[in-house]
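In structure tokens, the next block holds one chain alone, the form predicted alone.
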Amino acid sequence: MKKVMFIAAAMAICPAFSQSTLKEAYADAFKMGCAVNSMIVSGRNARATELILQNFNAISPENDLKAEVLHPRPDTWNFQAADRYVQFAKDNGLWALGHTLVWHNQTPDFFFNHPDGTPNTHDEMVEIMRSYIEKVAGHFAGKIDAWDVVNEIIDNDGSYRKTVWTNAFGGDGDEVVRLAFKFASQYDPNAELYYNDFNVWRPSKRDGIARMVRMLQKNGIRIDGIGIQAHWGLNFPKNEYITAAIDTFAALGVKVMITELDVDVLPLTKEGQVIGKSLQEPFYQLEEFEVFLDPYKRGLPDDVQAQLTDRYRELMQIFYDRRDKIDRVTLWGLHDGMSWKNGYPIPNRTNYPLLFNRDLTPKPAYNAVLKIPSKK
């Protein structure tokens, strides 16, 4: 009875529910995914959970399968939240991603250094990577559909980023990637194995990732897909860059996923991807900067809402037109209140990057996205 009442309420606030939901509208195109957190998985926010189950057939864990959560200290493993996530997917017939095995962020320092601060040797790093992937991928073997094996290791110019992982391997990013995919395939042989990154639309970075994929293929190491993180804005990236990236990766014979879709509407970050800590300085939260950088605290103006709707319509049309090359489109969160874009790269902003408002009502962008397949 409770579920029926909720669906009736949802239809009242969003007529589109009476026609279809996202997963139904795109059923013949690609999987529709959403990042979830422990509040949703546990059912503590029942309304959010219902919206997930109505609209999506694939889920990604926002943080629960990252190293700092699973293995926060050398003598501590904690699979509680991750197990709940996997069980939630199983109970509801959802495709489940493991995100992520090898990443430089949200990974404890002890992975890379001895207790006295001296760095681990090359051979120690190989064993640390192997044993971690064995423990995590082995724990979920047969329960996870796919892994983001390596995350964000390619720089904007197509070279390997100088991260703790690449530095620990003497700068040899190829070895990091080869071993990570080799171990993931070894310990969870039935899961698909992906590489995931942001700014993939940049031609130089796109080509660097393509080179890396060919390197793995040449070495007989399995890679099944590329995840294009879509942390984009109202004014970037250029659409021709997006289509070129999709086409380039599809031509390699791997699956292509849009993995972390959100659309930033705020000054500065609506124009381009900003990373790093420079804008987290308290200086930028002084009144004169806050007024400029965080202008929509009391709500999104109608003209910006219209721009957001147009951008989502534009992007989803691109994906739908290339549905023969795209396996999944995943939004990075359900509603604006749970978005990481409220706190990064500038803390404490009020952003509006997703398809549902903070009160879980659908935006005009939701309805625009819903209608695209019906126009074929």
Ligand code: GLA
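Throughout, we count residues from 1 along the sequence that is shown. Computed from a prediction, not measured in an experiment: that's the story for all the values here.
The discussion below concerns the form predicted together with the ligand, not included here.
- Classification of the binding site as open follows from the superposed pose of the ligand in the model of the complex: not one of its atoms falls inside 2.4 Å of a backbone or C-beta atom here.
- Figure note: of the listed segments 61-69, 323-331, 25-33, 307-315, the one touching the ligand in the model of the complex, with heavy atoms no more than 4.5 Å away, is 61-69.
- Contact check for Asn151, His231 and Glu260: all three have a heavy atom within 4.5 Å of the ligand in the model of the complex.
- In the model of the complex, at least one heavy atom of His99 sits within 4.5 Å of the ligand.
- Interface membership of Tyr132, defined by any non-hydrogen atom within 4.5 Å of the ligand in the model of the complex, is ruled out.
- Contact annotation: Trp103 falls within 4.5 Å of the ligand in the model of the complex, judged by heavy atom distances.
- Looking at Asn196, you'd find a heavy atom of it within 4.5 angstroms of the ligand in the model of the complex.
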